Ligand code: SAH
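Only one chain is included here, represented as structure tokens and corresponding to the form predicted on its own.
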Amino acid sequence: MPATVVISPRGEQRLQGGHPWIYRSDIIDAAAAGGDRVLVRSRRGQTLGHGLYSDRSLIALRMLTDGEQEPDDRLIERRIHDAIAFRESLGIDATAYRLVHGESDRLPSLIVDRYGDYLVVQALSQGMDRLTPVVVRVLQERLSPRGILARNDPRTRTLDGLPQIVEVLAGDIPDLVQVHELQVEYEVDLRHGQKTGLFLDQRDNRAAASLYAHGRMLDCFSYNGGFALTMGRRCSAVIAFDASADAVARITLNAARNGVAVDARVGNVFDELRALERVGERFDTIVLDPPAFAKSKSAVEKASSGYKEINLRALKLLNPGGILVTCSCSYNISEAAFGEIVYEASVDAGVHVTIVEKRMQGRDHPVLLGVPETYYLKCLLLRKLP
């Protein structure tokens, strides 16, 4: 008898709508252990599909297949091959990019990022954690990487009762890996860098924003200087702020390596924006790329105030005709809500603003229709009218 989970009519409706997650509140019965690949049935006994079961997370099921199709190792292998082939077809101007994007590649809770000859894997659920040996084997056969690193340190793993751990799964991983993105070279710390090393999801937005960059530039929440280095060649001067001294040191090194002049400074962006306004500073290009302010629904109100504050200050610092690149990676702040926040900031700043482009995460981080959780990065390119 296969491991089986019975779900409620509400859970069944969710599957019919195309969403691959079933919450614990919709589990009627579970004859399964955490991490099992399970047969999912309706209360009437109808086979609905197969999924990965968690006995700890609020997301109790992450669906792999619909109907009778068995989710064997060959299915996982085919989906990894298909995900990689799609990325290879994109002609990405980078040696660092995402190969597997979880639910959007029908490989729920699995992330695989490429950094040159090295791969970084994240398995964020009990079921995918158990499938890691299969994933590693397929990646080795398909790509022959020099090393595969597990960056299984996100806090979300603790929700599944999994340890936060960073470990080498195959080959060797050097202390630093050199990659390029849009003609910018970076040295990346795969073990300790943010996410899996770099913020790979902003690459296409950096390319688009660089077409509008001009004059004096201010890059806020700069991390390793991605926007500053990509856009800086088109600007007369660049100031970059980040709260982390380590990040500022990396910006300085990356700027020197790429021959881009960047005045990288340690500072709290909220405080620095107000200080720049007080002394009458003005810029022609400003980038706001903060970390997720709203990591839960309970944080939305406070996050909205934070987004409004930084956009208000930026619009006051921006010269007429200037470009503001403003981003939110908070899933809990929708595109419509983010647009309203920026609009309210423009009203309070007493300026008129046009949207030049609406953008999202890069093409290697696709959004699965019907699954809003996969659409998290919003990016607006705005022009302040004279």
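Numbering starts at 1 and follows the sequence shown. What you are looking at is a predicted structure, and each value in this text was computed from that prediction instead of being measured.
FYI, the form predicted in complex with ligand SAH isn't displayed, but the following is about it.
K.L.:
Out of T252, N268, Q178, S236, which one falls within 4.5 Å of ligand SAH in the predicted complex, going by heavy atoms?
P.N.:
Here the answer is residue option N268.
K.L.:
Heavy atom within 4.5 Å of ligand SAH in the predicted complex: which of F227, Y115, F283, Y307?
P.N.:
It is F227 that has a heavy atom within 4.5 Å of the partner.
K.L.:
Looking in the predicted complex, is ligand SAH within 4.5 Å of a heavy atom from each of Y223, S244 and P290?
P.N.:
All three within 4.5 Å in the predicted complex.
K.L.:
Flag R206 as yes or no: does it have a non-hydrogen atom within 4.5 angstroms of any non-hydrogen atom of ligand SAH in the predicted complex?
P.N.:
Yes, contact at 4.5 Å.
K.L.:
Looking in the predicted complex, any heavy atom of Q194 within 4.5 Å of ligand SAH?
P.N.:
Judged by the heavy-atom cut-off of 4.5 Å, Q194 is in contact with ligand SAH in the predicted complex.
K.L.:
With a 4.5 Å heavy atom cut-off, would you call F199 a contact of ligand SAH in the predicted complex?
P.N.:
Contact check for F199: yes, within 4.5 Å of ligand SAH in the predicted complex.
K.L.:
Would you mind picking out the stretch of 102-110, 236-244, 208-216, 70-78 that comes within 4.5 angstroms of ligand SAH in the predicted complex, counting non-hydrogen atoms?
P.N.:
It is the stretch 236-244.
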